[in-house]
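Below, in C-alpha cells: the form predicted on its own, a single chain.
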C-alpha cells in the first residue's frame, strides 16, 4: 500500500454517497479536486461508516466538493499516517482539520 492516498477524486453528491458502503476507513475532502482540505477518519463511532460520514459532509458543506477514500480496518492508524505525510509534503495540516488534530502527531519522512 502506498503511503499517500492516491485514489481518484470523485464529486461529492447524493449519488456518490448512496453508492458507498458502511465500512470503516479514511477520506480526504477537496474543494477543487486537487488540494486536500481535510483528512477524516471513520471509525466505530461513526454512524453508517463512510456512507454516513460523507453524507453528513454533503449536508453540512453542500455540493461542489470532491472526495477520495480508502476502506481500512485500522482507520486511526491510517489517518495518523496520512496526516503526517501531508504535513511532511506541505509543512502544515490540511486547512479544514482543527489544530488539535496535530497534537502529539509524529514526524514522517516519506520518499
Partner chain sequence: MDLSLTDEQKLIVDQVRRFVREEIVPLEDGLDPDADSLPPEDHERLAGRVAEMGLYGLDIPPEFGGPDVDIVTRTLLAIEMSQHRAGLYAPCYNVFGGAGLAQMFEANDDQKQRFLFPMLRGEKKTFFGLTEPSGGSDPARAIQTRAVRDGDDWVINGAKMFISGADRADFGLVFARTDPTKGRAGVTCFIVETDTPGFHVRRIVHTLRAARYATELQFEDMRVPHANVLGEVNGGFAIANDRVSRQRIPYAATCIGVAVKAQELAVEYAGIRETFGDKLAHRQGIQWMVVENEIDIRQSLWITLAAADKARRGEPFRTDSALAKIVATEASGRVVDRAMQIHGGYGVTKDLPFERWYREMRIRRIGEGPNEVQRHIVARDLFGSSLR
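Residue numbers count along the first chain shown, from 1. Please read these numbers as outputs of a predicted model, since none were measured by experiment.
Just so it is clear, the following notes concern the form predicted in complex with the partner chain, a form of the same protein that is not shown.
TODO: Please run the contact check for residue 43 against the partner chain in the predicted complex: heavy atoms, 4.5 angstroms, yes or no?
DONE: Because a heavy atom of residue 43 falls inside 4.5 Å of the partner chain in the predicted complex, the answer is yes.
- [ ] Answer with yes or no whether residue 86 is in contact with the partner chain in the predicted complex, where contact means some heavy atom within 4.5 Å.
- [x] Residue 86 lies outside the contact set for the partner chain.
Open item on the list: Taking any heavy atom pair closer than or equal to 4.5 Å as contact, tell me whether residue 53 reaches the partner chain in the predicted complex.
Closed with: Heavy-atom contact with the partner chain at 4.5 Å: absent for residue 53.
TODO: Would you check, heavy atoms only and a 4.5 Å threshold, whether residue 35 touches the partner chain in the predicted complex?
DONE: Taking the distances in the predicted complex, the answer for residue 35 is no, it never comes within 4.5 Å of the partner chain.
Task: Residues of 51-82 having any heavy atom within 4.5 Å of the partner chain in the predicted complex, listed in sequence order - done: 73, 74, 76, 77, 78, 80, 81, in sequence order.
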